[in-house]
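Encoded as structure tokens, the following chain is the form predicted on its own, with no partner shown.
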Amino acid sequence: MAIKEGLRPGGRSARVQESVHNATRELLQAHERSSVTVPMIAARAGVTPSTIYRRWGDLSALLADVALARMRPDSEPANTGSLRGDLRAWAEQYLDEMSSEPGRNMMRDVQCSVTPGYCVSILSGQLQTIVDRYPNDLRPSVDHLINLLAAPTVFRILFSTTPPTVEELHALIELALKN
């Protein structure tokens, strides 16, 4: 994360982070993204702008940190009873969440992060959970799934006029399952 190493995970540091993250999310919901500023966030969070600059460096690093925090999964991927079904459920949910305007903004903010590998680790963890459920199936590697499912989905969401369709996702899953 953009937060400096050595800070205690609890106490005042955690309260400041939570307050600033909450203020940032609230302001992004209420205002145009381009009009949100560090002083606005600081006032809403009850901290000084220097606290934000000292801790995050600048607005883009703060936005990336908030986006990274939002990307942490709340629960394990859906268990449908089959590898194919689990991959479909995961891919459809990922597409739905990330192709929304908040999802696109979150991905753009994460691009500014000083820890870009964090997203891969989140996706890897989710996909590994799915793959590990089916030890008797012929299973693709997590890297293979990221390359065939996540990478094209993210690319299309960020750089194309249309995200992939559910049918295209299903075709990518079939390709991934062929190993």
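Between two forms, the rigid core is the largest collection of C-alphas that superpose within 1.5 Å. We number the residues from 1 along the sequence you see. If you're wondering where the values come from, they're calculated on a predicted model, not measured in any experiment.
One more form of this protein exists, namely the form predicted in complex with a further copy of the same chain; it is left out here, but the text below deals with it.
If the cut-off is 4.5 angstroms on heavy atoms, which of these, Ser60, Gln128, Asn147, Ser50, is the one near a further copy of the same chain in the predicted bound form? By the 4.5 Å heavy-atom cutoff, the listed residue in contact is Asn147.
In the predicted bound form, the residue from Ala45, Val110, Leu27, Val142 that sits within 4.5 Å of a further copy of the same chain by heavy atoms: The residue in contact is Val110.
Could you tell me which of 131-139, 51-59, 148-156, 37-45 sits within 4.5 Å of a further copy of the same chain in the predicted bound form, going by non-hydrogen atoms? Correct option: 148-156.
**Asked** With the cut-off set at 4.5 Å between non-hydrogen atoms, does Val120 touch a further copy of the same chain in the predicted bound form?
**Response** Looking in the predicted bound form, residue contacts with a further copy of the same chain include Val120, since a heavy atom lies within 4.5 Å.
Look up in the predicted bound form whether Glu18 has a non-hydrogen atom within 4.5 angstroms of a further copy of the same chain, and give yes or no. No.
#### Entry: a further copy of the same chain contact in the predicted bound form: Ser13, any heavy atom under 4.5 Å
Contact with a further copy of the same chain, no.
Looking at the partner-bound form in the predicted bound form, is Asn22 within 4.5 Å of a further copy of the same chain by any heavy atom? The answer is no: Asn22 has no heavy atom within 4.5 Å of a further copy of the same chain.
Margin query: Counting heavy atoms only and using a 4.5 Å cut-off, do Thr161, Leu172 and Lys178 all touch a further copy of the same chain in the predicted bound form?
Written below: Yes, the whole trio is in contact, each within 4.5 Å by some heavy atom.
Heavy atoms within 4.5 Å of a further copy of the same chain in the predicted bound form is the criterion; list the residues of 79-95 that meet it. Stretch hits: a single one, Tyr94.
Would you say whether Ser34 is displaced between the shown form and the other one, judging by a C-alpha shift of 2 Å or more on the superposed rigid core?
It does, since the Ser34 C-alpha is displaced 2 Å or more between the shown form and the other one after the core fit.
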